[in-house]
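A lone chain, given as structure tokens: the form predicted on its own.
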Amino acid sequence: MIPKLRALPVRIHICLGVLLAMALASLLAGVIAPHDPVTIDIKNTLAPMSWDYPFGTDQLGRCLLSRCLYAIRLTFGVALLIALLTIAVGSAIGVTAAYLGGLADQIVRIVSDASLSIPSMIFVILIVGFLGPGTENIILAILLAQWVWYARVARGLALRITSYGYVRAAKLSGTGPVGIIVWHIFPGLVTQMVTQFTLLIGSTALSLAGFSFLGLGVQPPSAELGLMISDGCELIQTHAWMMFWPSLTLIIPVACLNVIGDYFSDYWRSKQ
């Protein structure tokens, strides 16, 4: 059950408005960005904020506002892709294991226990260290590190749902495993997984930016928030705007996503 838009608190309307505005700005970056995000202009190196460069420029003379607009698209676009894949893969494996039980369930439990015994950051670093840094490799590494937790969540919810009377009735009526999973078990996971998905986008964006900050994720000259924060770290005492603007661009949507996710989590918990 999803609450009506008018019934949502003011803070949720504000967060949704901020996210929508930032999403539109990033999608229209090619139109509204004042400069090319990767064009180097040595004459304007470390220029302060001005009408031509509202956020200033970096050590290569690149417009920070333009780079932030493109970086939103890259950082949160990749985070959205990872979150979708993580939820889809984790839910499918967890639900299937819970429904089939037996050997399939044991294998999933053993794999998940083994994976969760390794800190996710170490796991990602090991994978990227083996495959090499890059956007595709960091997507694969984060996906492999995160799907296990959501498989466990989906498995636990599916085990509870399969004990309900309507699921047993569907089995007795001759409905096949695929039909039961798709039409009777997955709908019971939707509310929980929507909340997890909202929170996952924000946490994944932070992870992606963190690994790019360390040089393990997106590589230069791409406009990515973690890379921009890393560049700004070296000059924070003399040119603080280089780190301030990309950090703010990362923090605001993550905070909004967390506020929305926490609200829906509390809302659906109160309806149970």
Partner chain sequence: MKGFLVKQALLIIPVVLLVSILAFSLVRVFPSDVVASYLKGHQQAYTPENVAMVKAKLGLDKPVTEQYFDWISKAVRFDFGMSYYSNLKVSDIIYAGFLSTLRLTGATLVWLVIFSYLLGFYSAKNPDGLVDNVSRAVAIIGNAVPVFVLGFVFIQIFALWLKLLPVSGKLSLAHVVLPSISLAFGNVCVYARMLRNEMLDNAEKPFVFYAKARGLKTSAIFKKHILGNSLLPIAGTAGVCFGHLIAGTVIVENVFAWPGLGSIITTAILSRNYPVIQGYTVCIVLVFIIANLLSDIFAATLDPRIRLGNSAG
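If you're wondering where the values come from, they're calculated on a predicted model, not measured in any experiment. Residue numbers count along the first chain shown, from 1.
Keep in mind that the form predicted together with the partner chain is not shown, yet the notes after this line are about it.
The chain is drawn here without the partner chain; in the predicted bound form, the stretch among 57-65, 44-52, 26-34, 226-234 whose residues come within 4.5 Å of it by any heavy atom is 226-234. Contact check for V18: every heavy atom lies farther than 4.5 Å from the partner chain in the predicted bound form. Of the heavy atoms in V218, none are within 4.5 Å of the partner chain in the predicted bound form. Interface residue remark: V38 is not counted as part of the site for the partner chain in the predicted bound form, having no heavy atom within 4.5 Å. The partner chain in the predicted bound form comes within 4.5 Å of a heavy atom belonging to A209.
A heavy atom within 4.5 Å of the partner chain in the predicted bound form is found for one listed residue only; from L100, V190, L131, L84, this is L131. Site annotation in the predicted bound form: the residue of G179, G77, P119, G156 reaching within 4.5 Å of the partner chain with a heavy atom is P119. Shown here without the partner chain, the chain has S247, L250, I251, V254, A255, N258, V259, D262, D266 in 244-268 lying with a heavy atom within 4.5 Å of that partner in the predicted bound form.
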